[in-house]
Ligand code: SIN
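Okay, so here's just one chain, in structure tokens, the form predicted alone.
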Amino acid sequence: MIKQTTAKQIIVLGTGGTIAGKSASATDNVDYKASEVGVETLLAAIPALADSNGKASYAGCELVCEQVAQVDSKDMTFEIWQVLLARCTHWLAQPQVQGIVITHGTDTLEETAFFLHSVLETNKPVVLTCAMRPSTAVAPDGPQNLLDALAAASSEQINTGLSGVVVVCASTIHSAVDVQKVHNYRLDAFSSGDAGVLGYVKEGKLVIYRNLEVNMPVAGINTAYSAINNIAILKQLPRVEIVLNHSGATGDMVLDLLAQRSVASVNKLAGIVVAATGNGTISQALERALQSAEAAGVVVWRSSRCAFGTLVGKADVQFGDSGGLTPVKARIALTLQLELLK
């Protein structure tokens, strides 16, 4: 059991990922196994975090570690999100806690960040960080990313009257709403697109170019936060799938999903996000299938598979608008909307 204290604290929640990965060779940054190292071990490996008593601390704050999960983030689940939400809610309510750092894999980091941004109400920073190289690499990027995340979690620039979840990677601070992984290998793997980054961490100091988003309703989510608390105890969320438009796209996948709705043992399809081409274009065959889905009571939102830009709508456009969200974030927003507006 963790003892109560009046000392300032930063909570570090571990979920696994490449930052906790190990490889058989220090020169191998590809064929490694993710999620092998515990979060306490990650912190212990950074000499700058050891205080005179041998405990982990940063900027006068005690570092308190919890291992929430130990997974490759490609395997991230709603159940882990529920635990993260519960632990974040618990720690953010403690007056001595300055902020939270979450170590995470890069593959689905943007989804976890957006989920937490959508359901947490706080004026304290929640900072997700990661690595593109395993902990055993000759020059791992995880330790510096962790230090930068701790700087963001402890900074008064973030901690005074501002709320929202951020991502820190390669000394860059991204908003949870805008961040997306855009590269599969380089250390600076994330972008905030047209919105631009929030700022940078330079030698432990934050340089902020624009303010954090307050946790505002996004893409139609508009409900009391008391209802959001129910998410932590749900058995499952409404099922929302993503369908991609591409050359030769048919509606067969959508029709198969509709057919499953008659099977009692499955979580029935409640929504579809279509990752459309260009400015929201959809093949005729896929469009007809999506119309059938809407007629059957499935909510359909249109997003774009393009990395940057938002849909410029027309008065006669069919289907719901994702509000500028990427397909994976639109899926989360629609899922929450369907649950909270029941």
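Residue positions are given as counts along the sequence shown, with the first one as 1. Not measured: the values here are computed from a predicted model.
In what follows, reference is made to the form predicted together with the ligand, a form of this protein that is not presented.
- Looking at the ligand in the predicted complex, residues S73, T106 and A131 each place a heavy atom within 4.5 Å of it.
- The stretch among 202 to 210, 168 to 176, 98 to 106, 235 to 243 whose residues place heavy atoms within 4.5 Å of the ligand in the predicted complex is 98 to 106.
- None of the heavy atoms of R87 is located within 4.5 Å of the ligand in the predicted complex.
- Put simply, K268 is far from the ligand in the predicted complex: not one heavy atom of it is within 4.5 Å.
- Residue contact check for K181: one or more of its heavy atoms lie within 4.5 Å of the ligand in the predicted complex.
- Although the partner is absent from this view, T18 contacts the ligand in the predicted complex, with a non-hydrogen atom inside 4.5 angstroms.
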